[in-house]
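We give structure tokens for two forms of one protein chain below, kept apart as structure 1 and structure 2.
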Structure 1
Amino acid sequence: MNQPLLALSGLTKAYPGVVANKDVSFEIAPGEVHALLGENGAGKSTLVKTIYGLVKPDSGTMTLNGAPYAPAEPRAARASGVAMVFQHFSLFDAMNVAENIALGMENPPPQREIAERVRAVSDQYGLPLDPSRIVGELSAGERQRVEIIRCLLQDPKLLIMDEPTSVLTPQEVDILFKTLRKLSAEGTAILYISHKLEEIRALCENATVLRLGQVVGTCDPRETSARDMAELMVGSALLVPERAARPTGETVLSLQGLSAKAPHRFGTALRDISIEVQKGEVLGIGGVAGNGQDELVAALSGEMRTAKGMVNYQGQSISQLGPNARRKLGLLTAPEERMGHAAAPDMSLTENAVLTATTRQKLANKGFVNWRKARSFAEEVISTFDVRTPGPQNAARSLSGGNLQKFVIGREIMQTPDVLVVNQPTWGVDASAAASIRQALLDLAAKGTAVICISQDLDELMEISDRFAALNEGRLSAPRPAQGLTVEEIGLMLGGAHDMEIAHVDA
């Protein structure tokens, strides 16, 4: 084997109270597509930040092309040929594409030249992009193109991609993979981070699996099953949610011609959404981020009022009711953003429980909170949903993302809703926690609750949905039975490839 491009040896990084990386070693060869696997909190982010110069390791060494490599800051990393596409894009909404690209480059040429090079590279790799457009107005897929092109303009030897497909439609994923394979063929190594195992199996030649900061195994993903890799990640056998066949009942919630203007400049308008939801069914709503998910949740939860007759609950219009009135009727919502939307970060879990459960659980009497009752309700949520926390007096902020997600979902489920709306219920949650959340949703549906699950994770939706519908630019497609839907069909429902084109093979 040739000399490796990048070799990590014994990297260790500890934060107060937690060892993020412990003695991590592996190698990446030029042109190799290498997967880095692990659950949330396994130490993947810290490791790539170390490679990109954002984190300094406590001990251990790196070599790049045989020479010692210890970037003091991202600039040094970029200068050495290491580029990174971030999970949460490092883009500036109010600036145009060319300016965003210039900010990620070491010695950027004048704007006009950048524009030309953007055109050239985007043509070469099939990633069309207008350099003068304002980034805030781009779709998620286009924004990712900005990040990728920013990296490509610097001729990187190693491209780090952190969860790049979480915001893409299947067709867009295909195009991305073609681009990455082309890069790999040209000799650029790619370090690919994801927890979507099928993608890794399709793309990567090697995989390193991290658990609790340590390397627990390596494998060739092309020859390892997704289930085996998942068990390697989790360290135990994984439970797949069980789905009991159940009859669906009468209609509880119906949307009739739901339309609403975009609530803010970068928001999406809802256009003529009509659907009926039955008791005991799980309706999965898929879609790429920014196609109206937040607005739909707001219209359902009561945060956004709509015209009379658009949202109907058991035959009555509730369009004009606020969140608490809807909770009282039995319609509960768990929004996507845990910190700040679903939970108040600096308040205790008990207080957070009071915030949404007061109405249904009668935690208040004549305006006074019954703290004993609130506390026991919070404790019940914690024990039922296995939330790892010392107790309900702890601030929401102190919980890890997955644990808090279990809490905010559990808080709503424990209130025995008639209709439950959840948005991205397992976003950023590790595999085992995600499985238990999904199971809880299925159990709830089995008891007769109508569950509306909005998610960008198609695997998740296929796993739990009875019917599937897609949101695209504020429109909802007609629902179809989830069973038997193919990935291609779903992709088309999601709006296809959003005018991406496939890489020119001859280029």
Structure 2
Amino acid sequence: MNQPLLALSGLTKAYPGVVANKDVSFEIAPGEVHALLGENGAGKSTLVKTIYGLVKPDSGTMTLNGAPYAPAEPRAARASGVAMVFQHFSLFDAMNVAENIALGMENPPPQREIAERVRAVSDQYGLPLDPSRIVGELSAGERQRVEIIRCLLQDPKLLIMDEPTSVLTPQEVDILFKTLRKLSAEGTAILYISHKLEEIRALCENATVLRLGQVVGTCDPRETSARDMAELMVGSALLVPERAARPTGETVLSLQGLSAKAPHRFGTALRDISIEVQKGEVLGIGGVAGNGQDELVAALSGEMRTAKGMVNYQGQSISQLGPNARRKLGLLTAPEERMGHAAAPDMSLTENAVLTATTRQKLANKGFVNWRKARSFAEEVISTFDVRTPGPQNAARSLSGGNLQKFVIGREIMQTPDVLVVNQPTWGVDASAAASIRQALLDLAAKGTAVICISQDLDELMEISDRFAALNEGRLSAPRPAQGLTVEEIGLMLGGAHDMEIAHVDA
């Protein structure tokens, strides 16, 4: 047999109160596309950070091309031929592509040379990208290309990809997969982390499954069903979300000609959005990233004020009310950006619970926080939504992305809002957690809450929505019943087609 490119043997890493990795061993061959699977908190992030030099293991060894490998920092990993594309992009909006790429180089050449190399790599791997474009003007897919090309300029032997398709359109996913297959054919090994198991089945030839920090199995994704992989990850049968009868009919929230300027240079203006949302209804809103989702959430949450009469709650205008006043009335929101927006990174989970739940959970009296009650509420969220953390005293930044997502969504759901607006509710969470979150949203609707679910996951929206609408360049299509919508009709809506065009398709 050929010598493995990377071999891990007995890697163990513990933090106070939790063992992140325990005796992890597996190998990756040159040119292999290897999946690393596991539910949130299974230890995937710690493991890849160890490989990339961000974490030092307590015990165990690694070899790269047969030689001992123990990078003290990412710079050493890159010098050894290991590159990583993180789930969260590390780019500066105001700088162009070439300037951003230069920031990731130890000794960057002149900008003209970088631009030429970017164009050459773009052409070679089918990743169209203009090095002079300002990053803030790029789509999410184009931003990811910047990160990938920055890695490819290092000529890596191993490319680690963490949730690379979470913000991509189906067309952008196809482009990415063609690139990864080309890299694999040239001998570059790829370690691929994703919760989208059908993508794993389409791309990867081997998979290592982690559960609670340990390797619990391996499989060939091409010969294993997505359900079997998910159940191997969680160690139990997978929950199938169920709908219950819902009390619908009464309009709780209405938008009347909602328009707003883009909040910043790289934002999207909202244009004449009119819609009504009823009690007990789940309204699904789809759209490619950057078409006004964040701005719509801000207009609904009160972070972005609008003209009087544009946002109406139970018959009264709330357009000029701020977030706390809207929360007091019963309109709650969970934004897409969990770290820094939905949660303060350096504050504990208890403190993060206080940030949004003080009024509805009565966590303060005469300006003084009842910390015992706040801690109890945080513990209830942690327990109900299976948030993997040693306890509510831990800082938000200590949680994996998926576990923080479960905490953020759970914190809002458990306040029993009259209207809940969620943006990307299952972004970065495993299949089991995603099913639990979707079920929690359906259960909330069954109790009479109006739910607006904004997501780029069309399967998710079709699974839980009663009606579906699409955002395109800040405009919202007329909602249509979700049941019976075809892929072609959804595609037209996402592309900004008018109702007459869709009616023509129906005919």
Partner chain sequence: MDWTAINPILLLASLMVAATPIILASVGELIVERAGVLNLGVEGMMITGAVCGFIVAVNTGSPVLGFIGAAIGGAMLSLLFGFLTQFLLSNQVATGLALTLFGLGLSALMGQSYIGIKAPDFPDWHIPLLGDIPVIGPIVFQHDPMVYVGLLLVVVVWAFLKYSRAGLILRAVGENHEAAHALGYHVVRVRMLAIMFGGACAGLGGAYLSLVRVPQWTEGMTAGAGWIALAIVVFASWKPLRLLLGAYLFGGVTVLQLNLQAAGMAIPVEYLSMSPYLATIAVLVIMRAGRAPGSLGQSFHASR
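What we label the rigid core is the largest C-alpha set whose atoms superpose within 1.5 Å from one form to the other. Nothing here was measured: the structure is a model prediction, and the numbers come from that model. Residue numbering: structure 1 sequence, from 1.
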task = Choose between structure 1 and structure 2: indicate the form predicted on its own.
result = 2
request  = Could you check whether the CA atom of Pro57 moves 2 Å or more between structures 1 and 2, using the rigid core for the fit?
outcome  = yes
ask   = Taking the rigid core as the frame, does Lys373 move its C-alpha by 2 Å or more between structures 1 and 2?
value = no
request  = State yes or no: after fitting on the rigid core, is the Cα displacement of Met304 between structures 1 and 2 at least 2 Å?
outcome  = no
query = With both forms put on the same core, how far apart in Å are the CA positions of Glu113 between structures 1 and 2?
reply = 11.7
inquiry  = Keeping the rigid core superposed, can you check how far the CA atom of Arg227 moves between structures 1 and 2, in angstrom?
reply    = 3.9
